[in-house]
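Here's a solo chain for you in structure tokens, the form predicted alone.
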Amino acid sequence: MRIVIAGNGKVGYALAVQLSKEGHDVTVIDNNESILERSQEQLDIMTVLGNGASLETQREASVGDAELFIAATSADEINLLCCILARKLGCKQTVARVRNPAYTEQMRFLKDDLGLSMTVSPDRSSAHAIFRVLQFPSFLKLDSFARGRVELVELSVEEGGALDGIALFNLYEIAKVKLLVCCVDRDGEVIIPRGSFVLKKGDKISVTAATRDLAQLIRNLSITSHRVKNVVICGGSLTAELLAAELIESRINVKILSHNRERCLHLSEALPKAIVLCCDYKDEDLLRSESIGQADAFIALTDYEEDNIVLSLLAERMGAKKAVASVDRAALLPLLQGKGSISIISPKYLAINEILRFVRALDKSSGGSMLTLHSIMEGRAEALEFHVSSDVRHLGEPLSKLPTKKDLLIACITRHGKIIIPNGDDFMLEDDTVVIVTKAGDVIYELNDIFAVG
């Protein structure tokens, strides 16, 4: 597929990396020559120097001949204008990154007039992802499938805990609910495990289970759990504002710390039920005086990822029951090695996941359509949900007999609203939805891609 991306910042560059890796013909537009030169040296893409909202620049990039145009500049208005021009030139589909929540209602009203196929808001996606983590703070991450009836959750195996030393085929004996361990991060290596795999301390695992069983699972595994009533948010970003509004609506007490006086004034007016402090959030004595250690959850959402990591570690050391840090750069994640209680949220990859799902759905329309895509294990694995169509191969055959590719697992089947956590005797039928977990290297566009060639 021919794809043009306007904007070569964090989201634009990461999209170019992934889409070119998946074999798409990618062109990137940006007005920063040095950034474009770096991209052209490192990636197999074309680049065009110029303003993505310029008709001349879009013509130079042959936007009219592209199947998809993605506007990912730092300005919402520029992104919308880029998409309008792209559709006028004949581009079939357009995607815009739109951060300002004030535009949400206008987007619904003017979507067709603007020629938008979809919009993406990293801030809104991040806020909602953090809110979901706080609903089940014992887990590091939660991703929903089957319209919220199935969850893929991440948790750590603690030394001496219920999971330490357990072989997967014995897991039901202690969990007492149907679940499937579908991915394990052990010492930095991602493993798609078999039933004989034995868990050990330090493993980070991804588990599928019915949403209704999560509370029971926490109790049966003796995982420490607590209800979140008081949250401290460090940083006055848009994500912080959206998260605080969602928490306050759920009657959770919110305190926001920010050093930006202008943002503090705005947040005080926008969130009258929140406590907003304009202060130096790096001051350890101040954090102690604000009782960070007594917080049910501490959320680090500053503009600096290094600060978010350090602050989350500090909050955990002070006694905060849950810590969440916003981190986009994978190179920084080793700083949290061994800190299995800290959840990581990546606004960049949340936005990319939404766009990749849309791209893959466009690229293939047979063999089962993709419904959902989530990156797991910091982007080293993927969980994908598909609708099972009549042209999917091997329908009705036991899963144990399917010629599936290596490092791939069928993690869940939903049939007429019933959740099936499968074993080898289960099978797929037309109109089911299924969740596939695979390492990120092998791209799955449609359900038939899970089968080995020949």
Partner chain sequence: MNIRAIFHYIGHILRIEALLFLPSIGIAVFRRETSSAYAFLIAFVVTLVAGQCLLFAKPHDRSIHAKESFVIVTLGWIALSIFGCLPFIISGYIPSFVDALFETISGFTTTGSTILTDVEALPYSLLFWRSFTHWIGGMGVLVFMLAIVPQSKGSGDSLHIMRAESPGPQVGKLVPKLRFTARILYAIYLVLTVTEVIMLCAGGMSLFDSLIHSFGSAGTGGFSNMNLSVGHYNNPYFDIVIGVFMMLFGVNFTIYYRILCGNFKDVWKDEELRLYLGIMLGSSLLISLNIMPLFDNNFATAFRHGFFQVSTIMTTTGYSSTDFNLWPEFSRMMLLGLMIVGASAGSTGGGMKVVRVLMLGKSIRGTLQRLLHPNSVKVMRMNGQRVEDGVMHSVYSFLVCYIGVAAVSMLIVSLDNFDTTTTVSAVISCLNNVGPGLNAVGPMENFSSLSALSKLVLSLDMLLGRLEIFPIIMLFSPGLWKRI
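Numbering follows the first chain given and starts at 1. Just so it is clear, the model here is predicted, and its values are computed rather than measured.
Not on display, but discussed next: the form predicted in complex with the partner chain.
Pick from 245, 114, 278, 78: which residue has any heavy atom within 4.5 angstroms of the partner chain in the predicted complex? None of the other options qualify; the answer is 278.
Among the candidate residues 124, 141, 360, 255, which is the single one with a non-hydrogen atom no more than 4.5 Å from the partner chain in the predicted complex? Comparing distances to the partner chain in the predicted complex, the residue within 4.5 Å is 255.
Heavy atom of residue 286 within 4.5 Å of the partner chain in the predicted complex: The answer is yes: residue 286 has a heavy atom within 4.5 Å of the partner chain.
Using heavy atoms and a 4.5 Å limit, would one call residue 272 a contact residue for the partner chain in the predicted complex? Yes, residue 272 lies within 4.5 Å of the partner chain in the predicted complex.
Although the partner chain is absent from this view, report whether residue 164 comes within 4.5 Å of it in the predicted complex, heavy atoms only. Close contact is absent here: in the predicted complex, residue 164 is far from the partner chain, nothing within 4.5 Å, heavy atoms only.
Non-hydrogen atom contact residue 264 with the partner chain in the predicted complex at 4.5 angstroms: Answer yes; at least one heavy atom of residue 264 falls within 4.5 Å of the partner chain in the predicted complex.
With the partner removed from view, which of 237-245, 316-324, 101-109, 278-286 is the stretch that lies within 4.5 Å of the partner chain in the predicted complex, judged by heavy atom distances? That would be stretch 278-286.
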